[in-house]
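Presented below, as structure tokens, is a lone chain in the form predicted on its own.
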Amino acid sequence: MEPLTWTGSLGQFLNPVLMITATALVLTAAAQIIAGLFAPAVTLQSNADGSLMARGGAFGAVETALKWAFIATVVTLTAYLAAGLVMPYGRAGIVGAVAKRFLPVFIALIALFAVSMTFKRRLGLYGKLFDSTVGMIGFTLVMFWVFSAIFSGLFDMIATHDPLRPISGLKNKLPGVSVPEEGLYPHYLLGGDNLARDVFSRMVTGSVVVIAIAPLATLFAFMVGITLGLPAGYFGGKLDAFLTFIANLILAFPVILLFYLLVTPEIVATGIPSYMAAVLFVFPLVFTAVLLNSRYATQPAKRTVILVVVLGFFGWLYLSLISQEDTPLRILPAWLDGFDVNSGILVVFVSVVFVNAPTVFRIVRGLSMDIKTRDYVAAAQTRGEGPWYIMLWEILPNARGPLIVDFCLRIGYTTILLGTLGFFGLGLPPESPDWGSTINEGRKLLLIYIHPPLPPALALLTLVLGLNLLADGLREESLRD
């Protein structure tokens, strides 16, 4: 089969249009920058609906032209994807073939947005997110990679080849190269890497690693930070001084140095990460137990049943998570152990939780110290509510805005940290398709072959950008409450 070009026969019609719209976008952007240097300073005016009033004069005309040039460029790029979905394979080139592979993701995004927009007034802060353009863009980028990880990891619907299997003769081949073996997908859509593996499949499969680790590790870090930060801020005194000292001690070390220490083979061989996992992973269990106990303290019979069921399940998850083969913590028998986590992934997971937890602790501690002086907290104390009820059901809900925003930003930081670890070859297995490892492998021949490291680098960029935009949108909407 012939190699694919980037746009195939579709490029005969759309490539000239894209060149015109992109040129117009660049020229209008440059014109706006130049016009901004000479435009008089004005106070922005609002319309009756709250939107900003368009500016007049030459600067306003340039601003309007830039907006329409941007819209035309986006519409043209969307046309490449839309045409690729309906045209026969190969006619729309690499772009169309990639769009076809991501079709389940596009369908899931459309369904999610349709349902969310329909019921957004009933969905609280999440529903208000769809009133923010920045938030919607960020949410779209994040959910694109979340759905990509789901459809790739659980259903194997996107990757075209085995991400770990090389195919002879395709080493460092350019995007669109045909695959010589029968029975496989006919092309390497984004080319081959230095070990003749499919770059597209490794990029998609790498999203599974990132999406599986970053949000969960951040969530565990928040469980640790919240469980320790709330009592430190609420009670103060010696408890606050002790916990703050420990947090400052951890924060005093450079982050990358801590990662190096925790994931080096010599430290792993001592079993220290396994013992750290046993300590850190117990905090979600403690948090859940205290949360339910404080909520149903006045209903002992109901509380006992709920605690037994919930903590029994969470306890089994906890023991399955820390019980690993070839470690000192082989606690559960094989028939009862629910899952085995790769030792490299577990070490990285523990490292991320350990590094992020002190920062979350300081944020929660500061919010708790501020909110505990509010009138509704004094009212709860007057009613005779216990300290943990006040912390978990009065203070924590009123601190959710800053914590949700920080959670989104921290997932982005964690994603970059995972990429950094993979780039230095630490923690994860050498053949792992995670984006950091793939970028590291591709950068060795970057001056000759740019296509192996570029897709994972752009994937990492778009995910972190989406998380930052999502955090901005959440911050914007939470401030309106």
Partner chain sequence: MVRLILRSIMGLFLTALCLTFLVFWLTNLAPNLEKLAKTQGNARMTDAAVESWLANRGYDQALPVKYGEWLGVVPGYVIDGSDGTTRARCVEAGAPVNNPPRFCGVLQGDWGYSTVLRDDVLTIIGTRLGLTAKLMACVMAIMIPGALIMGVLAGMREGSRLDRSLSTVSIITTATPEYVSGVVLIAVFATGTFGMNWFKGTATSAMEDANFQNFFLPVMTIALYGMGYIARMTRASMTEVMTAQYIRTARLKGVSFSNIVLKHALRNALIAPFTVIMLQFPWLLNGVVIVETLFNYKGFGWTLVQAASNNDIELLLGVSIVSVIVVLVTQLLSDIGYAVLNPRIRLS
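All of these numbers come straight from a predicted model, not from anything done at the bench. Numbering follows the first chain given and starts at 1.
What comes next is about the form predicted together with its partner chain, which does not appear here.
Peer 1: Which of 217 to 225, 289 to 297, 261 to 269, 92 to 100 has heavy atoms within 4.5 Å of its partner chain in the predicted complex?
Peer 2: Result of the contact check: 261 to 269.
Peer 1: Going by a heavy atom distance of 4.5 Å, is E63 a contact of its partner chain in the predicted complex?
Peer 2: Yes, E63 is a contact residue.
Peer 1: Heavy atom to heavy atom, is N468 within 4.5 Å of its partner chain in the predicted complex?
Peer 2: It does: once its partner chain is placed as it appears in the predicted complex, N468 has a heavy atom within 4.5 Å of it.
Peer 1: Although the partner isn't part of this model, could you tell me whether F119 comes within 4.5 Å of its partner chain in the predicted complex, counting any heavy atom of the residue?
Peer 2: F119 lies outside the contact set for its partner chain.
Peer 1: Contact between S432 and its partner chain in the predicted complex at 4.5 Å, heavy atoms?
Peer 2: So S432 does not count as contacting its partner chain.
Peer 1: Thinking of G419, L446 and V464 as the candidate spot, does its partner chain come within 4.5 Å of a heavy atom on all of them in the predicted complex?
Peer 2: All of them do, each having a heavy atom within 4.5 Å of the partner.
Peer 1: For the stretch 245 to 283, I need every residue with any heavy atom inside 4.5 Å of its partner chain in the predicted complex, listed N to C.
Peer 2: Going through 245 to 283 in order - heavy atoms within 4.5 Å of its partner chain in the predicted complex - the hits are F245, L249, A252, F253, P254, V255, I256, L257, Y260, L261, E266, I267, T270, I272.
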